[in-house]
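This document starts with one chain, in the form predicted alone, laid out as structure tokens.
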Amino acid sequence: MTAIDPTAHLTSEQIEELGRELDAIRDEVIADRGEKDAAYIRKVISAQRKLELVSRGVLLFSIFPPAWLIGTAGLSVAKIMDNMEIGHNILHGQWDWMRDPKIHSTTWEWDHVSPSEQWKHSHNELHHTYTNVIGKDNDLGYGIMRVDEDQKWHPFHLGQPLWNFINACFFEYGIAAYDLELGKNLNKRRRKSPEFRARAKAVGRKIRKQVLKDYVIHPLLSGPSFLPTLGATFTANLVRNLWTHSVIMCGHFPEGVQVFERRSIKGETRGQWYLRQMMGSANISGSKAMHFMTGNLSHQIEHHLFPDLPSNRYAEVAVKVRALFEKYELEYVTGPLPKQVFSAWHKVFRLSLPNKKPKVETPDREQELVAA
């Protein structure tokens, strides 16, 4: 909620025309997707499973330092692949068009403590619908951080750099917590709700399953390498959590990314929804390997515009989307990973402190257009 609206120069007609142009980009990819795309995701799944199997096999001998290093590195990469390029994107329905029951959003379960069904609700239905809308988007600040200067400051916010770091280290558990919407379900009456209790039990079952697999069965199979394997699995989960947290932070929290008030989405048109995704997201520039390891969420802007398009198509879509940013004189927020990480964390620290700047009321889009 900046004092100067970076979209104020656009008329309502231009915004709807922008929406139609984006619809055309989406339709073009949908009409063109086919066997090449299907072969891509099958190849990625196969490579991930082989890498995980080999890495866990190497860790059976993790009592030897070289085996520990190789196995831990391989397992870390395998877990990142499972969460990012595979799990996240399958659960978005990006590959449902294949009609393959083994690679479908309704049947896929991932290597994560949050049950896929709950994640799809909080992420696909809430986060992607209400991107960066304060009080509606749980992914914005993860419910524990002040994310805008106009938000009221409390002494609790002084600790948000620490809360954010802890959340990063145990990110999959943080996701499970706000998938459960614990913030609004902690009072006694809501905790007794049959719906909440059923969801909480589902999370508990998933956590037990993950802990049993990673911290009991695999270490036990390692025999004398029990403790090294236990440590290796913990390290791989930590690496995966820190990486995914960094990618998500870079997608929505760097300087230049806009946040929105609830009132701003009242009566929102399709063109206005597209515009909010463009202004509420940021990209990460880098190599093909980096894009792959982020699950192509380095193309966060394109992902938020077209969350159900195959992730391997975002790079080509990005060229056309960036051209539209230039055409409509909008800022395309992007940068290399170190820059975006620094920008996001700088904002975390900056907003942890009280802001003495007086609040500036931002006029509604409708009022701006009338005034123009």
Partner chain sequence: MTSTALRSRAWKLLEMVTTPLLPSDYLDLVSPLRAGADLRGRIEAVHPETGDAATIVIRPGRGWRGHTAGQYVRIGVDIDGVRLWRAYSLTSPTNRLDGRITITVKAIPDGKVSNHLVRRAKPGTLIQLDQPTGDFVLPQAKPAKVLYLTAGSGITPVMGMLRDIAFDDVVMIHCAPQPQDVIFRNELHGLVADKKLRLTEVHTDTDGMLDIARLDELVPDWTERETWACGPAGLLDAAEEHWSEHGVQERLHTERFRPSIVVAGDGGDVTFSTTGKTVDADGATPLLDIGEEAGVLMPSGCRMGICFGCVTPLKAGAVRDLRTGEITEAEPGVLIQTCVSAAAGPCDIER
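Positions refer to the first chain, counted from 1. As the structure is a computational prediction, the values presented were derived from the model and not from experiment.
From this point on, the text means the form predicted together with its partner chain, which you will not see here.
- Interface membership of Trp110, defined by any non-hydrogen atom within 4.5 Å of its partner chain in the predicted complex, is confirmed.
- A residue is said to contact a partner when one of its heavy atoms sits within 4.5 Å of a partner heavy atom; His157 fails this definition for its partner chain in the predicted complex, lying far away.
- Though the partner is left out of this view, Ala323 does not reach within 4.5 Å of its partner chain in the predicted complex, counting heavy atoms only.
- Although the partner is absent here, Leu230 sits far enough away that none of its heavy atoms falls within 4.5 Å of its partner chain in the predicted complex.
- Among the residues Arg146, His291, Arg240, His92, the one placing a heavy atom within 4.5 Å of its partner chain in the predicted complex is His92.
- Distance criterion of 4.5 Å from any heavy atom to its partner chain in the predicted complex singles out Arg49 from the list His346, Arg49, Lys339, Lys327.
- Every member of the trio Asp27, Trp97 and Trp273 reaches its partner chain in the predicted complex with some non-hydrogen atom inside 4.5 Å.
- With the partner omitted here, the stretch from 313-321, 331-339, 65-73, 37-45 that lies within 4.5 Å of its partner chain by heavy atoms in the predicted complex is 37-45.
- In the predicted complex, the residues of 304-323 lying within 4.5 Å of its partner chain by at least one heavy atom are, in order, Pro307, Asp308.
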